[in-house]
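Form predicted alone, single chain, as C-alpha cells, below.
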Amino acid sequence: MAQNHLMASHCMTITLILMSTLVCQSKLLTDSLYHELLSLPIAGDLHIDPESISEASVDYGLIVREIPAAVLRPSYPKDIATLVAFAYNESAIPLTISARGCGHSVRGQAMAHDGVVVDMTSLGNKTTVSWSQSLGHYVDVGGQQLWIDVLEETLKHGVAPVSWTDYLYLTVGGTLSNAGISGETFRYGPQISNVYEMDVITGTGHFLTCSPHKNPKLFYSVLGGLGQFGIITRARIALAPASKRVKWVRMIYSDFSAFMMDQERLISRHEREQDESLDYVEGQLLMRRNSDSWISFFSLSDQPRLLSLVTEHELLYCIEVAKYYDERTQSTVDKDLEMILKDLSHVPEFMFEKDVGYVDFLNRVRAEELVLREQGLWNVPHPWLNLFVPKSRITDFNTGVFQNIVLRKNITTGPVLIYPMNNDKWDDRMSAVIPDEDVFYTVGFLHSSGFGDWQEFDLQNKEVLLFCKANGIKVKQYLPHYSTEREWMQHFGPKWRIFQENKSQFDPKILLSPGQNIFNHN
C-alpha cells in the first residue's frame, strides 16, 4: 500500500514538472512570436494588454477559454492580408489566425490558442447600395458589419435583404461562414444562398474576389466553410423591396403530428402561390420549465390559460408565422393570411396575432436580450445544441428526445426551436451540410445556464446525440462542434474529400480558424 502511494506521489510530481515545462515553453513561444509580429508594419494595431487578451479568450458560450498571443485590430483589409502572408511565408514559429466578429460562437470557434485573433469590428462600417440590370438591387457590406446595420442602411433606399438570422447583432462574415438561418429560410434559402460576390483573404495571404463566375471554387467553399478557407472582408448581398409592417401569429398545438403536418403544409405553399405565401415560419417547444422564453409574446390576460394548458399536456408545440406587408398590400393582407391559415389543426381558440413594425419584428430578439442583460442572465454559459433532423425521422425524434429525454431530465431552459426547411433552397456546391431529404427540420436547444450548471445541459445534449446515433437518425449539427477527425468526416460525409482538397489549396498550412478544431485537433 505504501509503495503504491509512493509511486502515485512520484507520478504526480513528474506530471507537475511536465505541465510546468509545457507552460514555460508555451510562454517562450508566445513571447518570441510577439517579437516577430512587432517587425511588421501592422505592429501598431497589435494588442497584448490584459483587457484585449481576456476579451478574445472567451465567447458567447462562456464554456471554452483559449488565450491568444495577440489581438489584431486592423484598420484596413490589407492589414489582415499582411498578417496572414507573414504567417504563411515568413513566421519562424507556427502561427494560427482566427477572425472574430461578435464572438457569438459557443464552443471557442473564434479563438486562437497562442495565435492571433483578428478583431474584425475594428474595420468599421461601409455599406453601398447599388442596382444593376442583371442583379437588381444589391448591397456591398464589410464582413465585419452587423446585420442590424445592414438593415438600417438598406431601408433608407426602400430595400432590404430577404434572408435573416433571428438575432441581428451578428456579423455578415460570421453568419456566412456557417449558413445564416431563420424563419425565412424555407422560402428564400439561408443567407449563403443570397450572396452574389465576396472579397476573401485566403490562408496564403492572397486577396481575391470570388463569385459563381470568378474563382468559383473559393466562393462555394467559403460559404458555410466555417472560416477554413478565407476571411470574408466584403460580401455582395441580394436585396428586395422592403416591407413596412408584419402580421405576426402564433398557434398552439398539443398533438405533434398535427403540428408537423401544418408546418410542412405552410412551407410548401410558397411554391404554388407566391403572393399568398408566408414570409416566415418557425416553431417552438413549450413547457412550464422554459416559459420565460415564450410567455411574454402573449397578453397578460392569455398567459394563465396557456400555462394551464401546458401544465395539462406537459409539452405543447407552437407554430409561429409572419406575413410582411406595405401600403400596396395593406388592404389584402388580412384576407391573404386568413386563406393561408384556414383549416389548420391547432388547439381551438389558441391562435394569437400581433401587428408590428417590420424592423421591430426582425429585431425582436434584441428586446429579450436587453431584459436578460438587466437580470444578469445574458453573460452566462450557453451550452447550445443545433441540429438538422431529416423529416422522415422527426416523429421518432419527438418521441425519443422531446417526450422522453427532455421531460425526464426537466432541466431545459431557454427556447427550443423546431421548424422545417426546403432542401431545394440550399446549394450543394457550398460547404454547408444538410440532411439528404427534400424537407428537414431545424431543432435548436438554446440553453442558458443562468439558473444551473451548464454541464447538466451538456450531458443532455450528449444523450440526445447518442439517442440519434443509436436509432440511426442521421442528424447534422448546425454550428457544429466535434473533437476528432472521424466525427468531422462523418459530419461532411461525401463533401469531406472536397473540403480537404479546398483546405489544401486555400489554407495549406492550416492557419485559419483553429478554434473549429477540424484539421488541428491533434
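If you're wondering where the values come from, they're calculated on a predicted model, not measured in any experiment. One rule holds for the numbers: they count along the sequence shown, beginning at 1.
Note that the form predicted together with a small molecule isn't included here; everything after this is about it.
Undergrad: So, a 4.5 angstroms cut-off on heavy atom distances: do all three of Tyr60, Glu368 and Ser448 pass it with respect to the small molecule in the model of the complex?
TA: Yes, because Tyr60, Glu368 and Ser448 each have a heavy atom that approaches the small molecule to within 4.5 Å in the model of the complex.
Undergrad: Taking 4.5 angstroms as the heavy atom distance cut-off, pick the stretch from 224 to 232, 193 to 201, 307 to 315, 440 to 448 that is near the small molecule in the model of the complex.
TA: The contacting stretch here is 440 to 448.
Undergrad: Given that the small molecule is not shown alongside this chain, does Leu417 nevertheless sit within 4.5 Å of it in the model of the complex, heavy atom to heavy atom?
TA: Yes.
Undergrad: At 4.5 Å between heavy atoms, is Trp378 in contact with the small molecule in the model of the complex?
TA: Yes, Trp378 lies within 4.5 Å of the small molecule in the model of the complex.
Undergrad: Is Phe256 part of the interface with the small molecule in the model of the complex - any heavy atom within 4.5 Å?
TA: Looking in the model of the complex, residue contacts with the small molecule do not include Phe256, since no heavy atom lies within 4.5 Å.
Undergrad: Quick check on Leu151: any heavy atom within 4.5 Å of the small molecule in the model of the complex?
TA: Result no; Leu151 lies far from the small molecule in the model of the complex.
Undergrad: Which of Leu372, Met260, Ala242, Leu123 has a heavy atom within 4.5 Å of the small molecule in the model of the complex?
TA: It is Leu372.
Undergrad: So which of Asp279, Asp166, Asp119, Asp336 gets a non-hydrogen atom within 4.5 Å of the small molecule in the model of the complex?
TA: Contact check passes for Asp166.
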